[in-house]
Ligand SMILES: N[C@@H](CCC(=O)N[C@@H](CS)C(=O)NCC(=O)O)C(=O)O
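To begin, one chain is listed below as structure tokens, in the form predicted on its own.
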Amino acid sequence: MADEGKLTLYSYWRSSCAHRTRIVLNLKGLKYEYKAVNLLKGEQLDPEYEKINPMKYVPALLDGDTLIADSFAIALYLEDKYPEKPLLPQDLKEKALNLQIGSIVCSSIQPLHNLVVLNYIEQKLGSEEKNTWFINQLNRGLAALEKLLNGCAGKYATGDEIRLADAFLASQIYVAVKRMQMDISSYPTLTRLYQAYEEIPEFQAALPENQPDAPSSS
């Protein structure tokens, strides 16, 4: 386990990428310093932050003299560096499923509704079209995940133990349910998993509204 204060997470409370990273850190039992980067104020565009993450996104993780930017890369780094509480199984088929779920969230769902994309759509087409796009992309992704999990899920996403896939799913489902107020009852497996995550302290501690930079009204 890392020494307290050694890990530093650059995060924004509402970022789903940062959200899943916080879940992974919590599941690993790792303490970290939280450094807020306000995306709405454009703090990610500051030249000093660009040195931390050239893509000007969150999250970024500093572990001693090692700096990693990108939630998937951070998760895999933490899995290798701190293996005491593994989130990837030894079984290759189950491991591949976890990685596939993480990749779908990271590459096929979240990038289509990130702040840059949504701002562009709103500027070109208006807020109504932005929200329509947002919900369509969420439904498209959630439908794919529901099919992928059919017959694979146990108590959690890929079995009866909490795995990496759960961290990625929890943050993405949260966006649909809490941010976009979507009814996800047509995705029964995802609905059940989301309810299970609500009972896990490490997931609750990572929720956007529980972060130090969250507005008091959130």
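These figures come from a predicted structure and were not determined experimentally. Residue indices: 1-based, along the sequence shown.
The next section is about a form of this same protein that is not shown, the form predicted in complex with the ligand.
Colleague: Where, among 159 to 167, 58 to 66, 23 to 31, 183 to 191, do residues come within 4.5 Å of the ligand in the predicted complex by heavy atom distance?
Modeller: Single hit among the candidates: 58 to 66.
Colleague: From the list Ile173, Leu39, Leu149, Ile52, which entry has a heavy atom within 4.5 Å of the ligand in the predicted complex?
Modeller: If I apply the 4.5 Å criterion carefully, the residue I get is Leu39.
Colleague: Which of these residues, Leu99, Leu125, Ala144, Leu115, gets a heavy atom within 4.5 Å of the ligand in the predicted complex?
Modeller: Residue within 4.5 Å of the partner: Leu115.
Colleague: Find out whether any non-hydrogen atom of Cys17 is located within 4.5 angstroms of the ligand in the predicted complex, and reply yes or no.
Modeller: So Cys17 counts as contacting the ligand.
Colleague: Would Ile104 show up as a contact with the ligand in the predicted complex if we use heavy atoms at 4.5 Å?
Modeller: Contact with the ligand, no.
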